[in-house]
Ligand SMILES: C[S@@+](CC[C@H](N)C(=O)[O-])C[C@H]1O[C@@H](n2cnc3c(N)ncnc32)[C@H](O)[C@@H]1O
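Listed next as structure tokens is one chain, alone, in the form predicted alone.
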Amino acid sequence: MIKRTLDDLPKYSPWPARLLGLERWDRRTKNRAEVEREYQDEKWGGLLARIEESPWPLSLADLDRIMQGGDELVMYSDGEDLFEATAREVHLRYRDFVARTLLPYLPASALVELGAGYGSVIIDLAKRPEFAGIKAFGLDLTPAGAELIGRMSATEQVEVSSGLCDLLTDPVTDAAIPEGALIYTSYSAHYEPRHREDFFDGIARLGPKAVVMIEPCHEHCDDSTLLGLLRRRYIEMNDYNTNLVTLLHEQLGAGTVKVLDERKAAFGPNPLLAASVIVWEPAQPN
């Protein structure tokens, strides 16, 4: 990896010009139908088609290369610092970051990813010695995502139960999640522009040991820095979530959750969409 600065970002991304109004870009509007279409029909449905059409079995590494990129150079953020690396290296570093973030909250009765996509993160975790022996669940909003997780867990020879979830329902899944599970999200909760006041209730209903949310947070964008302002505008132009932290602090003030950790913009495979770390648990009744 090579250290870079914010001045280098336009060499790697068209977004600084878009955010500054120098290149045309129409603001996107996110809604449930659009998200389902994008992932069920295009992204995960497209991956399923690639698997069916391939003359040889595709591995998780193959799907990562299709979805995350390969040897092209990109910029990413690690804390306050910006670096250059290949897209493949950045994705591997991100999975290492997720693993390090989750490890302090083990042991747990199960490991559950809500919004697991095609299973890249949860299947990687299930293959790591530190997570061996822990029942794993990869749950996604779309049937295509659940199908991919089932296929890739079989291909990679790890046991990951696949199924459906919906972060906007209460509870968020009908899967048989055991009490005391470590539940996490990884770039999935940010797709809803404004979560309802009872957003955390649907996850809490699963009885988790802890919930780790690795998500971009609009409220965590530092408006005293140029990078922070660009991140805030990037979230707004793409119609990503703007109230997750606000709701969390409201729940904290109401005494319904306990916050175990909160780290702003900790890692960003896309430096303009860096993920914060929020760790919480349901508050115990008095």
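Residue numbers here begin at 1 and follow the sequence given. It should be emphasised that the depicted structure is a prediction, and the values quoted were computed from it without experimental measurement.
The form predicted in complex with the named molecule exists for this protein as well; it is not shown, and the discussion that follows is about that form.
Undergrad: Identify which of L206, A110, M213, L167 has a heavy atom within 4.5 Å of the named molecule in the model of the complex; exactly one of them does.
TA: Residue within 4.5 Å of the partner: L167.
Undergrad: Considering the named molecule in the model of the complex, which of L125, V90, A181, L141 comes within 4.5 Å of it through any heavy atom?
TA: After the contact test, the surviving option is L141.
Undergrad: Would R28 count as touching the named molecule in the model of the complex under a 4.5 Å heavy atom rule?
TA: Although the named molecule is absent here, R28 would stay clear of it in the model of the complex, with no heavy atoms inside 4.5 Å.
Undergrad: Using 4.5 Å between non-hydrogen atoms, is F97 touching the named molecule in the model of the complex?
TA: Looking in the model of the complex, residue contacts with the named molecule do not include F97, since no heavy atom lies within 4.5 Å.
Undergrad: Can you tell me if V35 lies within 4.5 angstroms of the named molecule in the model of the complex, counting non-hydrogen atoms only?
TA: Contact with the named molecule, yes.
Undergrad: When the contact criterion is heavy atoms within 4.5 Å, does G163 count as touching the named molecule in the model of the complex?
TA: Taking the distances in the model of the complex, the answer for G163 is no, it never comes within 4.5 Å of the named molecule.
Undergrad: Work out which of the listed stretches, 133-141, 173-181, 151-159, 81-89, brings a heavy atom within 4.5 angstroms of the named molecule in the model of the complex.
TA: Comparing against the named molecule in the model of the complex, the contact stretch is 133-141.
Undergrad: Does any residue in 38-57 get within 4.5 Å of the named molecule in the model of the complex, counting heavy atoms only, and if so which ones?
TA: The stretch 38-57, when checked against the named molecule in the model of the complex, contributes Y39, W44 at the 4.5 Å heavy-atom cut-off.
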